[in-house]
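Below sits a lone chain in structure tokens, taken as the form predicted on its own.
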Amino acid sequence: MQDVFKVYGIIVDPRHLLLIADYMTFSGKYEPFSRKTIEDNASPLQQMSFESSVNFLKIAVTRGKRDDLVSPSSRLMVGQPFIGGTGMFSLLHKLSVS
């Protein structure tokens, strides 16, 4: 994938490709990363992060769709960290008062 983009002078961070690979195999089987597959996704913001933003936005608004901000894409779009991986927990440290 990186070599395909490199021909056009585009450098893709490997982490982005890993996210795409995770998305394509999340259900336990291979799912194509296409407009049709994204249409079946329940998250309007995640749909809008794909290539047909205006069309997905129009559908979401006219149908009153709601986004619960559970996908990494939808949370990033509104400036929220993803609750998964290293963002899955909070670290509490008790300070001793002397």
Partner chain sequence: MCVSASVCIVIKWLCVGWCGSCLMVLEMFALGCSYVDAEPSLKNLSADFGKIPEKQDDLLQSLGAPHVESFNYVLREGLDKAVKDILPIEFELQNGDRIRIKFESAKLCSPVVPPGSYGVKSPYIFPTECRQRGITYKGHLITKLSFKINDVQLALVEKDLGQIPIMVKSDACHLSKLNPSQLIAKGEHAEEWGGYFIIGGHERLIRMLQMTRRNYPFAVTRSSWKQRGSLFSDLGIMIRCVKDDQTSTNNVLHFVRDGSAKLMFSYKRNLYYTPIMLILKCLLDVCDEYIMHQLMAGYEEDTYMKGCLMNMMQALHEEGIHTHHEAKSYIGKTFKARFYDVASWTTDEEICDFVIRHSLAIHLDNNEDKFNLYILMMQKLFSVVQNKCCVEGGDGLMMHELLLGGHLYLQLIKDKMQVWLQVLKSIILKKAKPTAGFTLTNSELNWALKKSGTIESSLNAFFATGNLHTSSGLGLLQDKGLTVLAENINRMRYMSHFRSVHRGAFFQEMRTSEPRQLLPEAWGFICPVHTPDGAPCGLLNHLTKYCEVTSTPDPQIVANIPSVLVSLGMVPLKGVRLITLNHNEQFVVLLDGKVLGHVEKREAPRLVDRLHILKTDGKRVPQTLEIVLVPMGRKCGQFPGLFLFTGPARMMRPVINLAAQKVELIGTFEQVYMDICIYPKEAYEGITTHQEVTDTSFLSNLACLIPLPDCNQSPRNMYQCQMGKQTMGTPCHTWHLQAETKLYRLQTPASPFFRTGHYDLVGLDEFAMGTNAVVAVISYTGYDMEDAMIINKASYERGFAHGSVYKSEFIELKSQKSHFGLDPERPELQAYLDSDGLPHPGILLKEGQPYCCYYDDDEAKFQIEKWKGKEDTYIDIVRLCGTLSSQEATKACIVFRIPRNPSVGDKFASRAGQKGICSYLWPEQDLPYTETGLIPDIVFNPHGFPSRMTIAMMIEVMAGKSAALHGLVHDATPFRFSEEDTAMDYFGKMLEAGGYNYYGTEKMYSGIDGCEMKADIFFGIVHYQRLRHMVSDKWQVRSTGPIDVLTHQPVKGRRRGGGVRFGEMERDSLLSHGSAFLLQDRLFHCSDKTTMMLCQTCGSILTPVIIVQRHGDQYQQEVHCKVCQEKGKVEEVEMPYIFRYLVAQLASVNIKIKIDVIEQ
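Residue numbers count along the first chain shown, from 1. What you see is a predicted model, and the numbers here were worked out from it, not measured in a lab.
Missing here is the form predicted together with the partner chain; even so, the following discussion is about that form.
Q: At 4.5 Å between heavy atoms, is residue 76 in contact with the partner chain in the model of the complex?
A: Within the cut-off, so yes.
Q: Since only the chain is shown here, I'm wondering whether residue 14 would be in contact with the partner chain in the model of the complex (any heavy atom pair within 4.5 Å).
A: Residue 14: no, not in contact with the partner chain in the model of the complex.
Q: Under a 4.5 Å heavy atom criterion, is residue 57 part of the interface with the partner chain in the model of the complex?
A: It does: once the partner chain is placed as it appears in the model of the complex, residue 57 has a heavy atom within 4.5 Å of it.
Q: Even though the partner chain is not shown here, does residue 9 get within 4.5 Å of it in the model of the complex, heavy atoms only?
A: Residue-level check for residue 9: no, no contact with the partner chain.
Q: So, a 4.5 angstroms cut-off on heavy atom distances: do all three of 37, 44 and 53 pass it with respect to the partner chain in the model of the complex?
A: Heavy-atom distance to the partner chain in the model of the complex: none of the three under 4.5 Å.
Q: At a 4.5 angstroms cut-off on non-hydrogen atoms, which residues of 57 to 75 are near the partner chain in the model of the complex? List them in order.
A: Contacting residues: 57, 61, 66, 72, 73.
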